[in-house]
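Take a look at this single chain, the form predicted on its own, given in structure tokens.
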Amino acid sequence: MAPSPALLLTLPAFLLTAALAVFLTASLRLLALLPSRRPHPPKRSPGTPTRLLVVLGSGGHTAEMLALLRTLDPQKYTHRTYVVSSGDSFSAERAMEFEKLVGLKAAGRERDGRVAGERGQGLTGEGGAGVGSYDIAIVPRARRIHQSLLSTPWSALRCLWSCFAVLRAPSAALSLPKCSGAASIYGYPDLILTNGPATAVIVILASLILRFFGVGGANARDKMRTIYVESWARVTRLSLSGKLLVKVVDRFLVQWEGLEGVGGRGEFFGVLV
């Protein structure tokens, strides 16, 4: 028996209505993810475990990022995750060297604090709290140099999938060194910091997808805040990563006055590296 004309007219109308409802719901959800819609994070009590995720890139990006972190307080950011692309041994080695330096500085402050205490000067605060923990998460390259555009979507998806795991916990399977037991208390990073390598775009995209679907409490007010620092080498124009991320990160910092206000977001505080 053939369907009635009324049914044939009703089915397309129903599908169109459903499509519009999905589109409107998705649009409202995306608007809610924009930085201007995010509430301010709550104030943290001293000693609150805080996870910082830093995206490193080969060569200049890594050098600039580690220079940016030279005043890092390990008592404030108690666990640091460094994301590097596979094959980028330079960035992994530099991250480990940086963490050794953090440990030496903390040991010096602790020693100075003990000496001051023995002299009756009452110095407090810096000593004895340790340097926290860190891990180096290795993700597949989003795109290799001279890689065919036909195979790029597949490698980008592999990178995206790995970034989901890195964001959800610091003790990912491909992490060096293995996290200590104390690191298991950390979930999503409280802050994501990057300065523009291609992997950064994938990491930020992964964080937006997790927040969009609310996976594992990804929409918590104090989780996965994002700061993008444009490279010092970018004087008059944004990098491709900057152009892609300027509207979606929470803070967008530039290092040249000529870029202040770019995209309606650029914040200039002078040279940071």
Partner chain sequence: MSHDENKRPRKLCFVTIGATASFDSLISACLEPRFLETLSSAGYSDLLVQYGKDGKALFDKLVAEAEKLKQLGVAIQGFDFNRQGLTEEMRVAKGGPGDSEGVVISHAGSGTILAALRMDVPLIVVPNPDLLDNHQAELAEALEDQGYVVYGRLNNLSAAIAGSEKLRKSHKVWPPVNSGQHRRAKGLAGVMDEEVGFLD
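Numbering follows the first chain given and starts at 1. On a predicted model such as this, the values are computed, not experimentally measured, just so you know.
What comes next is about the form predicted in complex with its partner chain, which does not appear here.
With a 4.5 Å cutoff on heavy atoms, Y186 does not count as touching its partner chain in the model of the complex; it lies far away. Its partner chain is not drawn, but in the model of the complex it has a heavy atom within 4.5 Å of D190. Looking at R111, you'd find every heavy atom of it more than 4.5 angstroms from its partner chain in the model of the complex. Interface membership of P42, defined by any non-hydrogen atom within 4.5 Å of its partner chain in the model of the complex, is confirmed.
Just one listed stretch, out of 100-108, 153-161, 75-83, 198-206, contacts its partner chain in the model of the complex at the 4.5 Å heavy atom level, and that stretch is 75-83. For the options L68, V215, A220, V246, the one in contact with its partner chain in the model of the complex, meaning a heavy atom within 4.5 Å, is L68. Contacts between 244-273 and its partner chain, taken as any heavy atom within 4.5 Å in the model of the complex, involve D250, R251, L253, W256, E257, E260, F268, F269, G270, V271, L272, V273.
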